[in-house]
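Only one chain comes next, encoded as structure tokens, the form predicted alone.
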């Protein structure tokens, strides 16, 4: 079998991404048709920058979803004779096919590892950022609203965490000695409680005058939340359905712990501004409770800046995950995540640049898409 030319490589790569192109076309066309009914998301289609960013982000989201259909080869399987193979190199006849972007220093397919790397990144970054937001919102709302000693203590703790360099703090949290001490598990036990507490308080504040409906929502939240909590934090799911590998748990907790103080400060600052508005005073005059005002009056009016920061923070988290993978911290050695792949490829960068460039470009394009998406959302939210 003959090697592929650069034109044939490009054509084959485009064909491999066929499920992604179809999903993108359906998503963008349907969203454009009904954009006037889709709120802030629909308004994104009026911003060229936001639309470009959204398209880049969704490209990688769909790539992660359809990764098993896209990859031509197993990303963990080495093929004899394909070490540092050039892009388009033909595999032995008994296997067939080509390494579209070449082979790495362990004779694995670079293209397949780049595609699967999207799944590795996107299964951690958005979820960890969401957990960090739940922690930051849960603490930032009462700190900004009540003030006093509560605000002083929480702000001091947040500033204490933020005083450490981020990379150094990550490095400390994922080192074997810290892991062996059980600190990441203890952090997970605390941090993973915040989403449950947030939802319980949310339903109780909203449906306090409707006990039946409140009890249903609170009961479902506790049952489902504690089930997920047991599986994710302690790998103790009685049904054996929910679990998180120890290395992923360490990275996940580290991301939440590092990002939560920054979210706390943003939420606290927004609350300090919004709580002086007339509609907050009107809610207090009506006799609404403080948690109702915080969760159902202040928080919805802070959604614009928080959504923008959420998109930006996913980008920061993606870079941090790539940095951890680059240093070989918190991930398994054979992981196809982009940071690990870049680290493996950089060792022979002057001779064989092709193993390191695809994951680096993928990481850059995802972060660029998230930044452009945040800019578009900021632009449209300011028009409200």
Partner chain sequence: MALFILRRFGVMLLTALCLTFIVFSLTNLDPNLEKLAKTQGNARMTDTEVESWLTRNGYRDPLINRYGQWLGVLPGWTLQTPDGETTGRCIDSKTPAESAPRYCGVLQGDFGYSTVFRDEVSSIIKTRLGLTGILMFWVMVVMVPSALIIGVLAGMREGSKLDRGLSTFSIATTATPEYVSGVLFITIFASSAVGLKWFKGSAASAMKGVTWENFTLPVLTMALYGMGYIARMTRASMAEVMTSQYIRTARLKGLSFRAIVIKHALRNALIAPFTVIMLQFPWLLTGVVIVETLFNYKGFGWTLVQGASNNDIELLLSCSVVAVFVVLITQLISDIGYVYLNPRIRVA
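Positions refer to the first chain, counted from 1. Since the model is a prediction, treat every value here as computed from it, not as a measurement.
Keep in mind that the form predicted together with its partner chain is missing from the display, and what follows is about it.
S.K.: Sort through 27-35, 53-61, 345-353, 66-74 and report the only stretch with a non-hydrogen atom within 4.5 Å of its partner chain in the predicted complex.
M.R.: After filtering at 4.5 Å, what remains is 345-353.
S.K.: Let me know the one among 197, 281, 95, 172 whose heavy atoms come within 4.5 Å of its partner chain in the predicted complex, would you?
M.R.: Residue within 4.5 Å of the partner: 172.
S.K.: With the partner left out here, check for me: in the predicted complex, does some heavy atom of residue 8 sit within 4.5 Å of its partner chain?
M.R.: So residue 8 does not count as contacting its partner chain.
S.K.: Can any non-hydrogen atom of residue 178 be found within 4.5 angstroms of its partner chain in the predicted complex?
M.R.: Answer yes; at least one heavy atom of residue 178 falls within 4.5 Å of its partner chain in the predicted complex.
S.K.: Indicate whether its partner chain has at least one heavy atom within 4.5 Å of a heavy atom of residue 167 in the predicted complex.
M.R.: Taking the distances in the predicted complex, the answer for residue 167 is yes, it comes within 4.5 Å of its partner chain.
S.K.: Answer yes if any heavy atom of residue 218 is within 4.5 Å of a heavy atom of its partner chain in the predicted complex; otherwise answer no.
M.R.: Residue 218: no contact with its partner chain in the predicted complex.
S.K.: Would you check whether its partner chain, in the predicted complex, lies within 4.5 angstroms of a non-hydrogen atom from each of 183, 364 and 371?
M.R.: The answer is yes; 183, 364 and 371 each reach its partner chain.
S.K.: For the heavy atom contacts within 4.5 Å of its partner chain in the predicted complex, list the residues of 48-64 involved, in sequence order.
M.R.: The stretch 48-64, when checked against its partner chain in the predicted complex, contributes only 49 at the 4.5 Å heavy-atom cut-off.
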